[in-house]
Structure formats: C-alpha cells, structure tokens
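We give structure tokens for two forms of one protein chain below, kept apart as structure 1 and structure 2.
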Structure 1
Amino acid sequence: MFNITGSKVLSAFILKKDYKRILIWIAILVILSFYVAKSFPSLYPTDMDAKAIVDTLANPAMIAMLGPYYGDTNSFQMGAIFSAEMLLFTALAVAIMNILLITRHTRKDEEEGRLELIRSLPVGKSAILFSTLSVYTVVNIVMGFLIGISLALAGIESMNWSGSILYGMTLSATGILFATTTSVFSQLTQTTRGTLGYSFSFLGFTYLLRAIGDINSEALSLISPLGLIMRTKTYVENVWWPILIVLALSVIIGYIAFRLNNIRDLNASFIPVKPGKKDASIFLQSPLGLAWRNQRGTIIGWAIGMMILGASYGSILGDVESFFSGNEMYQKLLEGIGGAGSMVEQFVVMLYAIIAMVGTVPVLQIILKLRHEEKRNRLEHILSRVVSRGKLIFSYVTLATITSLIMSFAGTFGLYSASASVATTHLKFSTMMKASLAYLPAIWVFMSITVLLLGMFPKAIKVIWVYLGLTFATIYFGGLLQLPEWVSNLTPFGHVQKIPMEDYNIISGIVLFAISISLILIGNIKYRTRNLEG
C-alpha cells in the first residue's frame, strides 16, 4: 500500500543531517529536568515552603497555566510538585521540537525543491515520510527514557523509578503525537510557514482547551491531547492508559498523513494557498504604516507575552506574603527596591520594574529594526522617494513610543486581572497603571539612546542590550548584592519612584523626558548627516 523503498538510507541521512540538533534538544531537556529536580530540596527546604507552593499551584490561574496538581495537599511530595510544575512545560518544549524538526524534513525540503531530487531517485513515495517519522519516534522514545532515568537518578525520595519512567514516556508520547500531527499539516499546506503556523496553532489550541478544561470541565481536558497526556498523574497515581490512547491516536493520525501523502502530487497541498492582497491597504501608505506592518507580529506577540508575564506574577500575588516571609534571600532582594512597606507592596514594586524592563525590549527592537533595514538594503527604496530621513526616523520613534504604552498597559492588565481573580490584593487598576506609567520616561531614555547610537555609532547599536542587561541585573539583584546607590543611579530605571510605596515625583519624570527628547534630536541630526549603507 505504501512504498517505502530506500527508507534505510534516508533514515541514516536524516540522522546525519540532524544529529547535532537532536543531541542539543535532548541534552537541554535532560539537563534542565535533572537540574530542576536536583534543586528541589533546596527550593523547598521546609514543609512550610512546600505548603506555600502547593497553595500557589492550587489557585486557578496556576492550574490554567501549568495544569492540575494531583498530589496530596497535606503531605507534600516533591515528585507531585515537580510533575505539576515541570511536566506540561517540558511537554510543550517537546512538542515544539517535534514541530520544528518534522517540518524541516517534510514540507521545508519539499518547498525548497530538495524532495524533488530525492524523489527522482529509486525511492518510494512514502519513504521520506516513513523515515522521518521512524527516526523521530525513536528519538522521542530515547529522549523520554533519558529524562526518566535522569530524574530517577536525581535522588529525590518521592521520585522513584516507575514514576520517573512514566514521566519520560509521557513526554515521548507527546512528542510522537505532535510529530504525526505536524506530518499531516505538512501534507495539507503548501509552505513551511503554513505547516508551522497550523502546527503551532494546533498546539496552542490544545493548550488552551486544556487550560479551560482543567479549571471547569474534566471532559474538555480529556478531549485535548495535551490535557489527556497530563492525566498520567506521574509520581502520584502513575496511570499508563493516557499514553496508550495517545499512541493509538498517533497511529491513526500517522496513517492519515501517509494516505494524504500518497494521493497528492509533489509540491501540491490540500489547503489552497490564499493569494495575498494585490493592493496596499489605506494603512500601508507611509513609512509609519510600513514600520507597523513589518513589526505588528512582534508587537502583538510581545503584548500577549507581557500580559502572560503580568498574569503569572499576579496569580501568585496572594501567596507572596506567606511565601516570602520564610525566604531570607528574597527578603534581601526586595530590600534592594528600597523603602519600607508590606511584603506585597515591595513585591509589586519589583514587578513593575521587571515589567517595565522586559517591556523595553520590543521598544528597542523597533529602533534596531531601522538599522536592520539599512543593512538589508531596503531603506534605499524609501529614501530614494519623497521621504526625508527625519520623517523616517520619526515614524519609527512614534511606533516605538506607542509600543511602550501598549507594553505597559498589557503587563499591568495581566497583573491586575490575575491578581483580581485570586482576590487577595486591594490594589486598584488605576494605582497599578500609574505605577507602571511612571516607568515610561525611563523606557524612552533607553529608546532615545538607541536613536543616538543609530545616528552616531550605528555599528555599535547592539551595545544597548548590554546596558539593558546591566540595568536588569542592577535593579533585580541590587539589594542582594548590596550595591551602593550610585550604581542604580547609572540607569534611568533607578530614577523612577517606587509607586505605591513612594509618591510620584513629576520632576524626575520631566528630567528623564527632556533627556530623551534631546538625545533623539541629536541622534536625528547625526542620522541625517551620515552615510547610509543601503
């Protein structure tokens, strides 16, 4: 029925092409799992620490994110906590690995014309699909075993061999499932991007379905393959049937992929390629429109990321007090933010700083994009037309400024909605937003330094990341490392008031704002008088 002549050679070829990638993926997953397990006793040394984390894991926001906690809520077993914290996210990583690697050997090779070469040789029609899926089935199983063995060897009392191997096999089954679904999508779509898009959407869909299901309805979770596989309840009940069901499902999905592959032409697809727009929309008529169009994916993606970041902090806000009171290291960390105030307030202040600093990344990326465009010879198209350099740079600064607002809002919104749903804090949205907006002038100083670099030292523009990294280290670890105050004064983020613990001081905001305006002006002048590369 399916001709797989030549699969042996092709499998060896796939391994030869991929062994480095495979080794890196496996090494990262094994080491990460082992290391986290190993560090568990020091993370939760007392029963009280364990209780704090179990309480956190039991709140709905965490369940939505990580899946249910199956362990006993009174006797704290490290294995149960480990599996609740790590299994789903490791499974996501395994799914991503399979989506990327399977796409590489199926649709990508086909789209780039390499499959045509192979198919012109005495090779069966199904051989490539068969070799790819065989190799990766083995890879997934080996990876699962290695993770299982490493966990069993980590020497945690409640993480025994049977639980550890099941943990590994749960990941193997997840990998095999996403390998086969990806191979179906690579039959359905005509481009690599299409295959990746559908595969990741499917992954996202199963994750969301499970999130809703885990909070509200067990049935929904069981429909989602990702939810189903979590029902192995590793280290708690150790049930094997979800793995068997997922494997059976994979066989059926794999069969569908083979059928589809058999009845279609090379380079053809079942989902027709949607033609793009023939004309530019009303938004794509200016340098600003072009900048938005090229960056909107990044901006939207980051906004969602910021919301999740805010939400994940917000969801643990209620447990913060009990959690930190026993943790001396964190107490020291928080002292670095300065001032008195309740633990929660101190924590929140740290959160705003983190959200602001993380939210600076996409803002800087937009300015850096202008440099990227220059290096890719694409500015030539714009500047050879009726567009001045001043207008070009102004467009990017405008987009970056709007982005800084979006990020600030998204992070705060996530923080607020998650903390409101756990209903343990009394902070108002307006207070939160005010605290977050107080950081905007500091973000703009970073943006304007990037503009200055773009104008004066374009080759060194990436130095801005080093500065941001050092800023992060200073603000985050400043208290722990007992850094003197002048160090934190070296970064604009050190000059922002800690709302709600401190009052907003408009002077420092105005000073930061004035600095950024002047830096942008200087950068602009320098940019207008230098050579462009393209």
Structure 2
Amino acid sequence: MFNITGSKVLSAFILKKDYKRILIWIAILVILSFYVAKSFPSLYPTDMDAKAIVDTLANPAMIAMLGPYYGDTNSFQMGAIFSAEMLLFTALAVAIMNILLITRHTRKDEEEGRLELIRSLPVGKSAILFSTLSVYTVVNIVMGFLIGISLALAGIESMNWSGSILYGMTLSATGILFATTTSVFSQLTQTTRGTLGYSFSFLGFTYLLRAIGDINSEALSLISPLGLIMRTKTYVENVWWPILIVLALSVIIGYIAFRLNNIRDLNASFIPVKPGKKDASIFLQSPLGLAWRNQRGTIIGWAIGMMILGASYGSILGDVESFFSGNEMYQKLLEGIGGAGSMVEQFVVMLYAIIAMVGTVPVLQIILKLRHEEKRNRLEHILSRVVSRGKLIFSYVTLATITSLIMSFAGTFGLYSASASVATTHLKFSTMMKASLAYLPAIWVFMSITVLLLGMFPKAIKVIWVYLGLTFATIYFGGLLQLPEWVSNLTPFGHVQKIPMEDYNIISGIVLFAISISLILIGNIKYRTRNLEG
C-alpha cells in the first residue's frame, strides 16, 4: 500500500544531516536528568524535608502544574519525588525536540523544494516520511534507554533499574507520539509555520487537558497523552500499560499520516491557505509593514501563549502564600535567587525570569526571519527597490523591540489576573509590570547579539539558541545545582534586579541598554557591507 523504496538510503542521509542536533538534544536531556537526580538527596536530606515537598505536591495547584504524586505519603522515596517533579517537564522537552526535528524533514523540506528534488529520484512516495519516522523512533528509544541507565547509575536507592528504564521508556513513547502527530500536521498544512503552530497548539492543549483532568476528572487526564504517561507511576508501581496505549495511538496516528501523504500532491495541503488581498495597504508597502505581515501570526500566537503561561503560574500564588511561608526547606530551594523578600516575592522573581526567557524566543525569531529570507533569495526583491539594508534591518529590530514589550505585558497580565483571583494578598499590577520591564534590557542584549551574528557570522546565527538554552539552565537550575554566582553573571539575565525584593538599579539597565545599542550598530554596519548569501 505504501511505497517506501529507497527509505534505507534516505534514513542514512537523515542521520548524516542531523546527527549533531540529535547528539546535542540527547546529551542535554541525559546530563540534565542525571545531575538533577544526583542533587535530590542534598535537597531533601531529612524526612521532614521530604514530607514538606510531598505535602506540597499534593496541593491542587502543584498537581495541575506537575501532575499527581503517586508515592506513599508516609514513606518518602526520592524516586517517587523525582518522577513527580521531573517526568512531565522532561516529557515536554522531548515533545518539543520531536516537533522541531520532524517538521524539519517533512513540511520544511517540502516548502523549500528539497523534497521535489528527492522525489525526482527512484524513491517511493512514502519513503521520505517512513525514513523520518523510522530514524526518530530509533532516536527516541535510544534517548529513553540512555536516560534510564543514567538515572539507575545515579546511586539513589529508590531509583532502581526497573523504574529507571520505565522512566526512560515513558519519555520515548511521548517522543514517538508527538513525532507522529507532527507528521500528520505536516500533511494538513502548507507551511512550516503552520505545522509548528498546530503541533505546539496540540502540545499546549494536551497539557491543559491533563491539568484540568488531574484536578477534576481522571477521565480527562486519560484522554490526554501527557496525563496518560503520568499513570505509569514510575518508581512506585511501575505500570507499563499507559506506554502500550501511547504506542498504539502512535501507530494509528502514523498510519493516518501515511494515508494523507499518499492522497495529496506535493506542495499541497488539506487546510487551505487564505488568499491575500488584491492590493497592498500603504503600511504593507514598507519593510516594517511587510515584516509585521509575515510575523503577525507568530506574534499573536506567542502573546496568547505568554498570557496562558503567566496565568498558569499566577494560579498557584495563593498556595505559595499560604503553604510555603516560613518553610525552611523552600528557603533553601530559592536561595539562589537571593534577597530578603517574602516567599511569594521570591517565587515571583523566579517566575519573571522564566517568563522573560520564554518571551525572548519570539523576539529572536523575528531577527532570524531576516536570515531565513536572505537564504531563500527573497530579499533581492526588496533591496532592488528604494530600500537600504540599514532600513531593512532597522525594521526588523523595531518589530522585535515592540514584540518584547508585547510579551512582557501579556505575561504580566496573565500572571496578575490569575494571582488576583487566588491570592489573599497580591502584588500590585504596577509592581509586577515594573518587574517585567526590568528584564527588557536583558532581552534586548540577546536581540543585539543575534543582529551582530547576522552581520558578522550569519552561518553561526543559530548559536544564539544554545546561549539562550544555557541561560535558562543557569537561571532556572542554578539554585538546584548550586552553581556559583559568577556563572549566572555570564548571562544578561544575571544582571537584572530582583524586583519586588530589590529596588530597580537604573545603572544596570543603562549598561545593558548601551551594550545592546552598540552591538546592534556594529551588526548593522557589518550587515550593510557583507555579501548577501543565497
């Protein structure tokens, strides 16, 4: 039924093309899982500390955020605590990995014309999709085994081999499921942006469905793949049937992807693209207007996502205020933040760091879009008119700057709206907005580094994602891994004042702003003088 002629050669080609990305993803997931597991005994050295975290995990807000805790509430085991805190978030990272990599070899290659070249060779119509899913099925299984082995070797008594392997296989099954769902969306949509949009929307929907189900309805959680994988009860009962169901769903979804691939034409889709207007508006006839038109869907989608992210964090502030106050163990957990504020204030500081780093992603995407247009030879149509390179890059920088403001406001609005409805005493909106705006200079530094790379080292521009990933690991896991302060100072976010615990230091903001302006000017000069690359 499905012609997969040539899939063996294509699989080798995919591995050769992507082996660096695969190794980086696997290394990050394995190393992070191992070191976080190793740090747990020092985080919870006594039964009192373990009881505190177990009681916290039983709170409805924490269940909505992390999933249910299945361990014994009287006998505290590190494995059960580790699984409750880390399994869901690691599964989200695995899902993101598969969404990005599957999109790269399906819709993106098709959109850019590479699949047309491959299909002109003696290969079957289903060979490309079969090769992609086969390679990443193996990648997910290998990744799961390596994570399981690393956890078993962490030297924690309650994290035995059977539970560790199940933990890893749970992540493998999650990755395979999202690989197949992304392959379906790549058939339904006509653009890379559409495939990513639908795939990430599906991921967000499954997360919210699980959160609602874990609080109100077990049936809803079982409908959600993310809720289903939590029912493996890793390191407690070690149940395998949820993995079998997820894999069975993956087979069904994969079959649908192959069927859709077989009945559609190359470069076609099942969801029609809305035709544009016959005449462009005056605003669209400028570089800034064109940049906004190309990116508005991404910006609006990210703004909604930031609002939901802020609301999800804001919904647990009431429990933080009532439960965490005076808890010495949580003082230790948040000691990496520093300051002498209340538990709620320390928690808000951490939340704003996370919201700011997430909000940096769409800002960088806008600058990277300019590089994408350059590689596709689309800038020649613009620059052949009365448009300078300086004006072009200024338009994208302006849009990225406006986007950073939108993301800051959206995250703050979501956080404030949700926290105001659950907390007995909540921070003022002006205070929250001030805390959010304090991170803008740090976001602009990231933007300016991207502009500098665009002007001087365009082929290495994606290194900015590595820097942002290391920044997230440093800020978010710094206290957990007990990293020295100088490590956080290597990132712009390490120099932002911890509002509301600290007063805003305008000198620090001016320095970061001056650095960003300088890097943008240098990047602009280099961009105007270098050759455009096709």
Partner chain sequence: MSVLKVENLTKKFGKFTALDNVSLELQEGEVFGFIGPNGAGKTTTIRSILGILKATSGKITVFGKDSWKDAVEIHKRLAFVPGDVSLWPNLTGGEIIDLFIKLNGSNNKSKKEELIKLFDLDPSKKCRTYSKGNRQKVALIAALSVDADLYILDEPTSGLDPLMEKIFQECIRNLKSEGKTIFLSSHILSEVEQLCDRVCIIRKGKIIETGSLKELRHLMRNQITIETKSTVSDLENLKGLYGLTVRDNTYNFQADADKLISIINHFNSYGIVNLESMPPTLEDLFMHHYSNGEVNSNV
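All values derive from a computational prediction rather than experimental measurement. Quick note, the numbers are simply positions in structure 1, starting from 1. Between two forms, the rigid core is defined as the largest C-alpha subset superposing within 1.5 Å.
> Which of the two shown corresponds to the form predicted in complex with its partner chain?
It is the first structure that is the form predicted in complex with its partner chain.
> Aligned on the rigid core, do the two forms place the Cα of residue 108 2 Å or more apart, comparing between the two structures?
Shift of 2 Å or more: no.
> For residue 458, state whether the C-alpha moves by 2 Å or more between the two structures after rigid core superposition.
Yes, shifts by 2 Å or more.
> Is the shift of residue 256 between the two structures large enough to count as movement, that is, does its C-alpha move by 2 Å or more after the core is superposed?
Residue 256: C-alpha displaced by less than 2 Å between the two structures.
> Once both forms share the same rigid core frame, by what distance in Å has the CA of residue 411 shifted between the two structures?
That residue's C-alpha sits 6.9 Å away in the other form.
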